[in-house]
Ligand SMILES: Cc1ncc(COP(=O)(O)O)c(C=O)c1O
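Only one chain comes next, encoded as structure tokens, the form predicted alone.
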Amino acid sequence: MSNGYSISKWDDAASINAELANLTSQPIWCVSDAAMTDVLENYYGKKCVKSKALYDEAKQYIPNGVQHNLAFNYPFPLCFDRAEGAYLYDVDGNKYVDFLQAGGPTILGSNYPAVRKEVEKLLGSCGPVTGLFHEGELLLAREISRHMPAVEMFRMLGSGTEAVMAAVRASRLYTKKKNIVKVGGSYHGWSDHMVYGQKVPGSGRLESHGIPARTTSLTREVRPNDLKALERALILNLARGGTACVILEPVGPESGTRPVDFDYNKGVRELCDKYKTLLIFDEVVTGFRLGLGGAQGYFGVRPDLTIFGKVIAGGYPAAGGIGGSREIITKTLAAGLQSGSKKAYIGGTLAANPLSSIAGYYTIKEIEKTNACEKAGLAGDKLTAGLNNLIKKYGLPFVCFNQGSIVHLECSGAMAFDVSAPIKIISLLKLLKSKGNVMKRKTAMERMGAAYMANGIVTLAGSRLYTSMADTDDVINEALEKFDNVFQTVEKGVIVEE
């Protein structure tokens, strides 16, 4: 590597996608019934008693017992009360290797001392929030702009979802167009326009509950890694008022779960220029995780707008923001009261609070100082290589690959389905046909996640793992021994398909 980025090589997208497609056609392989019974009875039943009691009480006050989507794990969420570097500890005293890393923000490792020290200093002076201007806002915005030339100006918000909402609104105002094109299967938060084509390309409004059809009628999804499909969508939108923006995750949908060709982003940039459409990079995951220059620096593509989150506040709350060219930002985003010109209205009481700003600034400074992205990427490479050796050792049809410190471990293929088609009715029929199979594979994925947890490994939904600078060779070797314990209990056809 030695280029400041975590990715040592870009894998061939066609090969990985072919492996994923093959996985979905295989019978389901999963932890055996006997091993699962042991996990449920002897680990969750005996070693997680305090977590279970807290969860049972929480269900009386919190929908489904947890506030965060990532927290619900089969058979019940565990309650964690300590995070340090590469490890998590639950309220029952159990220790885990942490490959969730809060969903990706803690590239330095959890509760990083140098950043915590600066946060504690801030709390001792002005506290976490004033509602007024703080120097930390300037420090963070200037630091981001220094590393990402496309971000000439930066507006901090409370989350990636808010930043996407702001970017879409700004795009419409700037271009005077109304339609949005997204890559199917991508996650861009939960705003009304974006809950469309979630997780499974071609799924359209499958998860758009509570959202009027007329709202998502302005959103069009296209097949991942398909420039011809994107150009067709842009042409069709010409008769519908034009396309305000194309929004994508630069490493591929779902944080690279469906990888794209290296030159795909360059091709999207050219099409956006051709059809006078703004290009939005959603770098909530990749920004300051792939490298200080983000995915845009790695691919050498300059987006018009960039969405930030996660690492932008170093794992502290209120992580979100939008950046872009001086012209677009100043012409579209309001600051304070309206001054007569038309501006996109955005806001947030706790946006750009001193705590988030200072935490983000010092996180980026520490990433630069420690070369954290490369170190986390090397850990991701080692973990991926080790997992692939275990997959080969036990003759499993699993698929494992990584984009630096973003590691994907597909055991059931629940995230690998694609029902996109040029004609919507075909996508719908394909989705209905595969729905039962997808749900069974989702159950298998949850069981694998439960087995990982019982062996001291925390993952994101049993299929994604984030590495950090804290993941030394010893940590990775320890984790691989734990994965070995799980993989040797896996059997074919545990969950019977239709």
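Residue numbers here begin at 1 and follow the sequence given. Note that the structure is a prediction, hence the values are computed from the model and not measured.
Keep in mind that the form predicted together with the named molecule is missing from the display, and what follows is about it.
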So which of 282-290, 137-145, 393-401, 217-225 is the stretch with heavy atoms within 4.5 Å of the named molecule in the predicted complex? 282-290
Quick one: of Tyr74, Tyr174, Tyr187, Phe154, which gets a non-hydrogen atom within 4.5 angstroms of the named molecule in the predicted complex? Tyr187
Quick check on this chain: which one of His408, Lys182, Arg258, Lys310 has a heavy atom within 4.5 Å of the named molecule in the predicted complex? Lys310
Can any non-hydrogen atom of Ala319 be found within 4.5 angstroms of the named molecule in the predicted complex? yes
Please run the contact check for Gly160 against the named molecule in the predicted complex: heavy atoms, 4.5 angstroms, yes or no? yes
Verify the contact flag for Glu249: yes if a non-hydrogen atom of it lies within 4.5 Å of a non-hydrogen atom of the named molecule in the predicted complex, no if not. yes
